[in-house]
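Take a look at this single chain, the form predicted alone, given in structure tokens.
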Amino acid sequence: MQNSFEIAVFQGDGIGPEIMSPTLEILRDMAAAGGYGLNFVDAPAGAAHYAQTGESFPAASMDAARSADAILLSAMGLPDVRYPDGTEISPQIDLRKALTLFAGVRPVTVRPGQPTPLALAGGQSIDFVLIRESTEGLFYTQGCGEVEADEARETLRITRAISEPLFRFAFDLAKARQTSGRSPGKVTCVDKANVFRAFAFFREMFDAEAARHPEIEATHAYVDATALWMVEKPWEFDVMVTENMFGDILSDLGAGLMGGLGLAPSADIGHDHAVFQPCHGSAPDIAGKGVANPMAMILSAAMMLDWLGDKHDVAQMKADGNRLRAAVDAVVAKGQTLTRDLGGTASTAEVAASIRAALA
């Protein structure tokens, strides 16, 4: 059984290095206490690297990602550093496509005591997972769309080769959540099949996979209705699966339910590789001030421990993923050490220290 793992680390842009540093410190301590090894290998990439070198994603960094057991990636991109065609530098999207990371996993959880713009009944919580297809959809021609004087075109692409494993992943996740007692076991396909033939094709493949899982409830919802229901009755969702662009938009809505992007972790998972990163951006306006919220980065690291523990059958890593999530939940619920995006005044270092104390 493997118990030592190489992690490719992309430090990111803006606040990226500031939130990555305490995350790595926490992971080192947990690995040392838990009896497994985590070897962190820096992989330079991103907008700042492009500004300095003219190269956004060195081949050596891609090689490091391919050979690593997992990839930990901080916030990437800077709005004022762009390619000549005007698009932003996005190594995270390059990784998704190069490594075929088709399942973008975006958990949405609101625990009792956690700040949220919703008026939840006493003791009510929200716990669902949005799975965003991450390699094609409306992002298929990213950077390669056709632009003419009076017309522009982008291509939405949905394939069987990607959609079928995406739906298997969604139903397997719902089954795991059902078995653990975390949810009743339901998958909702979010699409626009009433308008676009591509989404009718998407739905047909979903229904075919649903037929293989009679123990899991399978439902459909149009994306516009889903946006409404995520605000009106988000507690009714369990696992949602959708196209790339729809997922990109709805995942930010999910982050809003949690109180902000500072609490929104994510993973992009394929057959052999996985990337773990916060959903938020690089926030260059606060970079270097020590006030960035590290929680989404730390929660993404917890997802990495889950995935590695499941894949390699290391019970301690799975237990540590749960411990790390519980520590963040405890700090948020207590409400005394929060960064300003969550209504507090604490620094990045103070939040990280509170999470370490909760772990202890």
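Numbers for residues come from their place in the sequence shown, where the first is 1. All figures in this text were calculated on a predicted structure; none of them were measured in a lab.
Beyond the structure shown, there is the form predicted together with ligand ATP, which is absent from this document and is the topic of what follows.
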{"property": "G281: touches ligand ATP in the predicted bound form, heavy atom cutoff 4.5 angstroms", "result": "yes"}
{"property": "Non-hydrogen atom contact A218 with ligand ATP in the predicted bound form at 4.5 angstroms", "result": "no"}
{"property": "4.5 Å heavy atom contact, I158 to ligand ATP in the predicted bound form", "result": "no"}
{"property": "L101, heavy atom within 4.5 angstroms of ligand ATP in the predicted bound form", "result": "no"}
{"property": "Triplet I15, L261 and I286 all within 4.5 Å of ligand ATP in the predicted bound form via a heavy atom", "result": "yes"}
{"property": "Among 292-300, 64-72, 26-34, 310-318, the region lying within 4.5 Å of ligand ATP in the predicted bound form by heavy atom distance", "result": "292-300"}
{"property": "Residues in 329-360 close to ligand ATP in the predicted bound form, defined by a heavy atom within 4.5 Å, in order", "result": "D341"}
